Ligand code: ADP
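Shown next as structure tokens: one chain only, the form predicted alone.
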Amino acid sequence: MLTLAIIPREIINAFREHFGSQTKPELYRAPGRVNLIGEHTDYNLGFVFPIALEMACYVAAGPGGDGKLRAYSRDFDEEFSIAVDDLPAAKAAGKWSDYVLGVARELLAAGVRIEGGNLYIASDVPLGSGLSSSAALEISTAYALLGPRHMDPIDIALLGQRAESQFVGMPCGIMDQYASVFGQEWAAIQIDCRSLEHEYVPLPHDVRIIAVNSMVKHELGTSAYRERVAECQRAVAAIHEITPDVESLRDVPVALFERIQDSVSPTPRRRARHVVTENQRVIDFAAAANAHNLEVMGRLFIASHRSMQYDYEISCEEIDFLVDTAIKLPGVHGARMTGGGFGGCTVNLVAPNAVENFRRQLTKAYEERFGKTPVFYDCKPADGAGRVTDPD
């Protein structure tokens, strides 16, 4: 099982070495997330149910003094710099630095003065895994650039989302950034993506949440994400013609959808069916978690995956294999894909005494079938973003 690789003291020392500074930087952290259920419902203003992770992105921030913003990524071994005066005209370059630039621009637009400085970035959220490394980078950068200045946490989440959707160009919903800001130890967050309200739901202590990285990420993911957004919008337009009160798929209960679904063309119909039923699954999953009903929680996991597999069509052979194999193993209550799709991770509900056999059997089967070794993450709900207290 993968363990955490980030040690705060090491990041502070690395900052000093890289930038040749004796000044002690401030250190900020923002977690990745795993979504337990509620996939592709956030940009349809529905419900999601993520947990923030112990895996996080860390940003050490210190003054620069020359009117430039410099950022170094340990994970890419790359540095970029830009004059603060040039930030408003900056263009996305299709690189990791876009997330930093996008956040800096959003802070400027919100009236926050950016005076430049040095950022040292290190993350143990695996890239391309569906565990939201991008939101962790956005939110940790936002906190680092804000420093001691206060901003409402919901506004931090929203500016991170705008950086990704408007500057980077990925039309994401609010879930990833929201979870990174509002995470709470030992609890999931049931988020209403329309009202932007949330409630914390304690999870049963006799189950482990294990994410399994398929170690594949198919390139179809980015273009298909945009297609799904557009297909959902077409479904809303068709339903709106029949029921004018419907402004998003969030407004469509399961019973209404079943009554009018034949009025929606086949592909948007399937996309809408996933979103409508997935919203209900989030509500049912939260109730099952509160009732400590692992059987129902597992059943909802599997139903969610089948919906993504057949209605939303965002799974892939490797992910389906991991799910289908996992649910046959003893002690596994449920398994499903998590994240945007076309690779990345599955998330599994596993009895504590079954975890080692689960890891061993799933690794063996996956290596035999695909010649790849999956990576396992023990996902413990963690607190959201903020300044890291002095690690001395």
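Note that residue numbering follows the sequence shown and begins at 1. Quantities reported herein were computed from a predicted structural model and do not represent experimental measurements.
Below, we turn to the form predicted together with this ligand, even though it does not appear here.
Highlighted residues 175, 180 and 183: none comes within 4.5 Å of this ligand in the predicted bound form, counting any heavy atom.
Per the 4.5 Å heavy atom criterion, this ligand in the predicted bound form is contacted by stretch 71-79, the sole one of 234-242, 71-79, 199-207, 280-288.
123 is the sole member of 214, 304, 118, 123 with a non-hydrogen atom within 4.5 Å of this ligand in the predicted bound form.
Shown without its partner, this chain lists 248, 133, 315, 190 as candidates; in the predicted bound form, only 133 has a non-hydrogen atom within 4.5 angstroms of this ligand. When this ligand is considered in the predicted bound form, residue 161 lies well away from it, no heavy atom lying within 4.5 Å.
Contact between residue 128 and this ligand in the predicted bound form is found at the 4.5 Å heavy atom cutoff. In the predicted bound form, this ligand stays beyond 4.5 Å of every heavy atom belonging to residue 257.
This ligand is not shown here, and in the predicted bound form it never comes within 4.5 Å of any heavy atom of residue 225.
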